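We begin with a single chain expressed as structure tokens, specifically the form predicted alone.
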Amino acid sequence: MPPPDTTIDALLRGTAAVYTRDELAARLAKASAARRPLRVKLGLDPSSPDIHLGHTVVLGLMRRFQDLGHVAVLIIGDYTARIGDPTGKSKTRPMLTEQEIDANAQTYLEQATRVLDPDPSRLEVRRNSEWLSKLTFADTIRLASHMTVARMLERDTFDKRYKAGQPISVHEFLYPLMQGWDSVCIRADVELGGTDQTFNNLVGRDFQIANEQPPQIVITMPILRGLDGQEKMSKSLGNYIGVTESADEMFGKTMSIPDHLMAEWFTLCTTAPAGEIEALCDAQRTHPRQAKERLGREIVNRFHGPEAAERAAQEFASRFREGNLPADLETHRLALECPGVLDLMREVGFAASNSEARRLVAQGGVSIDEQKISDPMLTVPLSADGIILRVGKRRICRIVRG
């Protein structure tokens, strides 16, 4: 293993907080001397099946631990998902069925290993139902005795809901207790998470001390902002890049982000050196478009490889700088003669509903044969030659009658 000082510098790139750096240095030094890899925990709550770039921020930190010889312990929260993590939620989240949990967990794991090293000597995958399902009611009461209501209300989301008179179910208080018990059961040396997981992760330290284990070091990462440059990346907000999206979609979406996001994305989503990031994000030294192209290549390369990154960059240049249609333009055949523009958008999958399609038209993001559409009630005659439908900067297809 590398010397502890250089290890810490490499590991802490882009991190938000470490509880504590001195403990991490000591634990790394001890692990190096004993030639025992650290057990680095990350809990994944399979409440949804897809991973986006926001999730890869913490997964990337876990991969850095793996590359330094440590073991990533990925906890699939199949038992805690039955409660639902209240973090960031303004209301109680509905419980999932076992079938939904299993399906989401499988997809989540497949996508997580696009970032993590899947080598069994470097990745241990556990489900917390292994130990949580065996707790008796008396065991649960003992866990609860380590936490006060006052401390639980220190959680920002609980505090806000309590003051607003919004309901907080008692079972939600059990979530951080269960997550903390996970750390005891797998004897975690380090736990990773976003800054929104700080409270839950620190509970694990308390439980380990109570059970005469060395307290885990907690390392948190910033929450990645999405394509809009304001809100956290989220599928529900539509401001995300999924890890399974095509190279062209990844590159095109990256090119659409606000300039002020570039330093954040370079730091959290790439391995570019800090000095290089500074130069790339300085408009006096690098044109923002050039910097964004570099960022797009880096992100696509991470998930699709360098050849796909180069093709995506060339395709984007051809389509948007030179006004050409993509070489692999998708064609849809519809058995309609004169459909409405809202129907067209729904039929080809560019809008999930009439209300979404109407909103896109109102925003000025819809064009047919390069003519912007402002009337959501417009009907469009289809012919064998077809029309070109564009929605936003990246979604484009040909629609023909047939």
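The numbering used is simple: start at 1 and walk along the sequence shown. Note that the rigid core is defined as the largest set of C-alphas that superpose within 1.5 Å between two forms. Please read all numbers here as calculations on a predicted model, not as lab measurements.
This next part talks about the form predicted together with the RNA, which is not shown.
- With the partner omitted from this view, the residue of His287, Arg142, Lys160, Lys134 that lies near the RNA in the model of the complex is His287 [heavy atom within 4.5 Å].
- A heavy atom within 4.5 Å of the RNA in the model of the complex is found for one listed residue only; from Lys253, Arg155, Arg294, Arg225, this is Lys253.
- The closest non-hydrogen atom of Ile168 lies within 4.5 Å of the RNA in the model of the complex.
- The closest non-hydrogen atom of Gly69 lies beyond 4.5 Å of the RNA in the model of the complex.
- Put simply, Ser32 is far from the RNA in the model of the complex: not one heavy atom of it is within 4.5 Å.
- Interface membership of Lys393, defined by any non-hydrogen atom within 4.5 Å of the RNA in the model of the complex, is confirmed.
- By the 4.5 Å heavy atom rule, the three marked residues Ile257, Arg359 and Gln363 all count as contacting the RNA in the model of the complex.
- Judged by heavy atoms within 4.5 Å of the RNA in the model of the complex, the contact stretch among the candidates 245-253, 295-303, 175-183, 273-281 is 245-253.
- For Lys393, a C-alpha deviation of 2 angstroms or more is recorded between this form and the one not shown after rigid-core alignment.
- Annotation: Cα of Ala17 displaced by less than 2 Å between this form and the one not shown, core superposition.
- Once the cores line up, the CA of Pro120 ends up less than 2 angstroms apart between this form and the one not shown.
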